[in-house]
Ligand code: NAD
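Only one chain is shown below, in structure tokens, and it's the form predicted alone.
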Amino acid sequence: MILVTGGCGFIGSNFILDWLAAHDEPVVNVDLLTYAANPKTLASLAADARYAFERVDVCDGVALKAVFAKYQPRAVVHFAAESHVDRSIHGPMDFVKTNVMGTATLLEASRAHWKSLPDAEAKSFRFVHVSTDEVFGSLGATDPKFNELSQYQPNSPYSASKAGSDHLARAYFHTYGMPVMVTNCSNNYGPRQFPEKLIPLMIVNALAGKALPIYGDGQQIRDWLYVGDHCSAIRRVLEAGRPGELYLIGGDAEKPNIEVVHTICSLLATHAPGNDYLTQITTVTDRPGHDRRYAIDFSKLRRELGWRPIENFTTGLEKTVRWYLENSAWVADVQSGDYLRWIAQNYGARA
């Protein structure tokens, strides 16, 4: 049994679905079901004996202790986090609570469980903390890519809270010897992503005939990682990674935001013709402290664990656009009143 936190979110749900497609080992999903979580994403597992769900807050140490006692997991994969930079600007304390205090509480519950295990099981126990490249700050146009020795320089409340959680995870290895590994990924995209992030927001807005809001000049560069590739990298780290190590995961696909949006418009023109999607692009005021460029050097992961991404940006984005076109009911379901209010709050004042 492995324990996954935040398994009803974007990356977590993809990880669980991919895991159970390839393994018979059961999964318990610990998720509080906040706004970006969607349990219907995992509806196909409702009758699967290998899947269990516990609605638990990672900040609730008593509830976590009960989960560990009930399921006795041999590993933890920690996805649960507040993850949207714009939301962190509007409400930073939610990010501090979930990302810092939640991670600390989960680490402590995991440590108690790990210490209770027989020696052989304790030796094989693993804790994978899933984090972001944003903890390293912003790169200039010609700067070398981030690697495992890059200095932490977070620039938003979100990235600062994730940096804090990374440091806690590292401390639990160095102080207690708990077998913790940290992964830092570049920008994920793919099926089942909540449409507040760039790629699904552009797809959903384009199909609805709404504006496609681009921050500033649109030249912010991101290294795009298809979610299926990210999940395969985490599985590989869980399988063969060295405790105490940091592993960076990238897609080898640096693209400026405006080029990403143009590519989405082109794909939609092919698969859902009828609108001139490019005319919907609108420039809005940039967000405060917007990092200019992220890029990942994943050579350590390739060299030590033999991993590299399967999808390139062209194939990954094609799969993503097709998924959103074929799953309009899922999109409609997540666009609740809270979602609409958030979009109005974040983008309305920037127009």
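As the structure is a computational prediction, the values presented were derived from the model and not from experiment. Quick note: we count residues from 1 along the sequence shown, nothing fancier.
Only in words, not in the display: the form predicted together with this ligand, which the text now covers.
- Distance criterion of 4.5 Å from any heavy atom to this ligand in the predicted complex singles out Val58 from the list Ile296, Val321, Val58, Val27.
- Only one of the listed residues (Leu248, Ala169, Val130, Ile264) places a non-hydrogen atom within 4.5 angstroms of this ligand in the predicted complex, and that residue is Val130.
- Of the heavy atoms in Leu301, none are within 4.5 Å of this ligand in the predicted complex.
- Although the partner is absent here, Ala81 lies within 4.5 Å of this ligand in the predicted complex, judged by heavy atoms.
- This ligand is not drawn, but in the predicted complex it has a heavy atom within 4.5 Å of Thr34.
- In the predicted complex, this ligand sits beyond 4.5 Å of every heavy atom of Ser88.
- The stretch in contact with this ligand in the predicted complex, judged by heavy atoms within 4.5 Å, is 34 to 42, chosen from 66 to 74, 321 to 329, 302 to 310, 34 to 42.
- In this stretch, 142 to 158, the one residue having a heavy atom within 4.5 Å of this ligand in the predicted complex is Tyr158; the partner itself is omitted from this view.
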